[in-house]
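As structure tokens, one chain now follows by itself in the form predicted alone.
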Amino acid sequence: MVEESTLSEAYIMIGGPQGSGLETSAQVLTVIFASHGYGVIANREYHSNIIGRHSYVAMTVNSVKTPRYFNYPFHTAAFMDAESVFVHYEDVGENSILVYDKGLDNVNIDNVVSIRSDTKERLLREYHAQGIDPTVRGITNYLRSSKGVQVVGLDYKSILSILREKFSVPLALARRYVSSIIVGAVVGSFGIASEDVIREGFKYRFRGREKIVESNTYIASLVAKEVMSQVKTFKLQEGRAIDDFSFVVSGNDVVAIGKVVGGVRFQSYYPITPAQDESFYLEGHMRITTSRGDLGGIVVFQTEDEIAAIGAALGAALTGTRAATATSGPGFDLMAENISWAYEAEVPVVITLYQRGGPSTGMPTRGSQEDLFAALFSGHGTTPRIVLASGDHEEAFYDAIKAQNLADKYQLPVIHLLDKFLANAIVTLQPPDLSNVMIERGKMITSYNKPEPYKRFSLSDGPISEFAPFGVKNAISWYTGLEHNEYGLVSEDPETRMKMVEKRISKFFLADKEIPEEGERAVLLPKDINISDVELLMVGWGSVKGVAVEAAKVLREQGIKAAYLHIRYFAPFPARYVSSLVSKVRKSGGLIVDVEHNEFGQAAHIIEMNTGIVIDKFILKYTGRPIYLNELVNAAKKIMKEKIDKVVLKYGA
């Protein structure tokens, strides 16, 4: 074994059929790296079927920081099946390590029925142009000879047969252990073969099932040693010292945790990808026990559809319970009428919206940022709401709490926007700082002792009225989707109508006045950059943040003064702050480029609507796959050098 140069950051890919244990491999690898001080992010891309179709995981491992982006070429790729070899043959580069099952050598791409015809036709055109025989052996020979890839062919069947001899695992169950071969292949490529190290990852995944832990650990360690004997391994720099307690969580998990910390005690949902995992997590943690004792529970209610889901959340909110619902695009469409109702009736409710590829059913398991217009404008009539979008897992945790506070404070519906890339990405996360976390219930009252009848929609105490939940003695109230008077009783009197319209809209204007723009509703990154020196300002939102911040850093290292403007609130929009920054960049001759996961540049249109500023440079991606670091850096340089208006990104299978 000869070690390659030491890496501070490594890019890894693992692939296999859906339902084959690939997610288990990713979890185990994340824990192994995290437990030794490495920051990790892992994202699974998969088809919308339960078992059989192609799935893969991209990972970034860093020894000095917590990465929030992906890159290529991959240093290591480990594949379970032939389809992964056929589809991802170009994702590895010189000296990269590819581990595959040599028992698949004779498989021809024409015999892989799970590959869709359009994908197969595209790949065959590529193979023909490069003179590649369309078999697994043909692909691996090409990678060895033309790209300098270190190819390791292992006999997976022989490896798995050891399980029967050593651990009495029946042959029918042995295939489940292919995921441990993948783990061993990856850690071995980085010179890791210690059973103690590998065991940590399997203990996390199979806690309390010692026999399974030991058998998986044995296979993974065996494979790691074999890989190390055949290749020049990579070596990661020593990881950081870590706290005794850290999280390995997905975006769904961290939003669910944030909701519990933020006081949510009722969550409704109808199962829909990729939102459902948040509610599944809450269902697994419905009893809340802390060092202060038992704090009660959270009710998680699966409804018959999304109309019922938001209706149930509104009903819970009227009792004074902190209530939320979670959904994705098609489900959000069904909630539009009740969002209007929540605004009319001034009911605080949070809708967590996980974006996926649309329109209609679209691509249920792929990511996008296509629901911004829907989040802002769905619902008839004038129905402003607060819309905030999280850029990473840390923001998602605090935003889950903040959304509840904002809903209560302004008695408005709040849309918390995330996307599939955040929802499904697994990351290492240090425990959040709870010292400044507060639960703010706004003007909710628990008793009413005034001599005059209670006016739920009183016009005498500013735009936000006292909210007495159902059950408060002497506080009788009426709720309707119709226009109403101060008591909630139906009224179409023109003067009453005008006052109620102005009351409701004034709450939104108040939020615009009170929520800070700089640093809260929009953030310039890096924070210490001189905006007047910026040559390239990328503007984006949501999960674009991680890769855009890193791309700006790479560009600065290459002599281009780049920065990223991260928009966190789209309603109320930080118009004054954004206008100021963009004007300063343009005044000094810099370029403004919109970066988004949609084909229309939706955020750029919202900026124009709120500021009058037209952004006419775009870097867009709408394949449903995440933006990778290299493609964003190259696109930014292309726009600057060639003075073109738009680059469409395409990387990713």
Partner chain sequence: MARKPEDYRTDLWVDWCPGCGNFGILTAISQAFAELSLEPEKTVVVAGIGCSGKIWQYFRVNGVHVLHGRPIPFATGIKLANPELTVIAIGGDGDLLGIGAGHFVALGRRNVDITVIMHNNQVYGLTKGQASPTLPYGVKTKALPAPNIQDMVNPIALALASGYTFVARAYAMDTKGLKEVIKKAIEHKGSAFIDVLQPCVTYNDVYTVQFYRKALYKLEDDPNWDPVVKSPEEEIEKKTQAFIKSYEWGSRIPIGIFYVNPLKPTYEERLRERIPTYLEKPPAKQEIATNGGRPVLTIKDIVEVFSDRIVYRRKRIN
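Numbering follows the first chain given and starts at 1. Model, not experiment: these values are computed from the prediction.
Keep in mind that the form predicted together with its partner chain is missing from the display, and what follows is about it.
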My question is simply whether Gly488 lines the interface with its partner chain in the predicted complex - judged by any non-hydrogen atom within 4.5 Å.
yes
Although its partner chain is absent from this view, report whether Asp512 comes within 4.5 Å of it in the predicted complex, heavy atoms only.
no
4.5 Å heavy atom contact, Asp392 and its partner chain in the predicted complex:
no
Tell me, yes or no, whether Asp133 is in contact with its partner chain in the predicted complex, where a contact means a heavy atom of each within 4.5 Å.
no
Contact stretch among 96-104, 553-561, 331-339, 209-217 - heavy atom within 4.5 Å of its partner chain in the predicted complex
331-339
Its partner chain isn't shown here, but in the predicted complex which of Ile567, Val149, Ile139, Leu314 has a heavy atom within 4.5 Å of it?
Leu314
Quick check on this chain: which one of Ser447, Ser532, Ser158, Thr480 has a heavy atom within 4.5 Å of its partner chain in the predicted complex?
Thr480
Which residues within 449-478 place at least one heavy atom within 4.5 Å of its partner chain in the predicted complex?
Phe470, Gly471, Val472, Lys473, Asn474, Ala475, Ile476, Ser477, Trp478
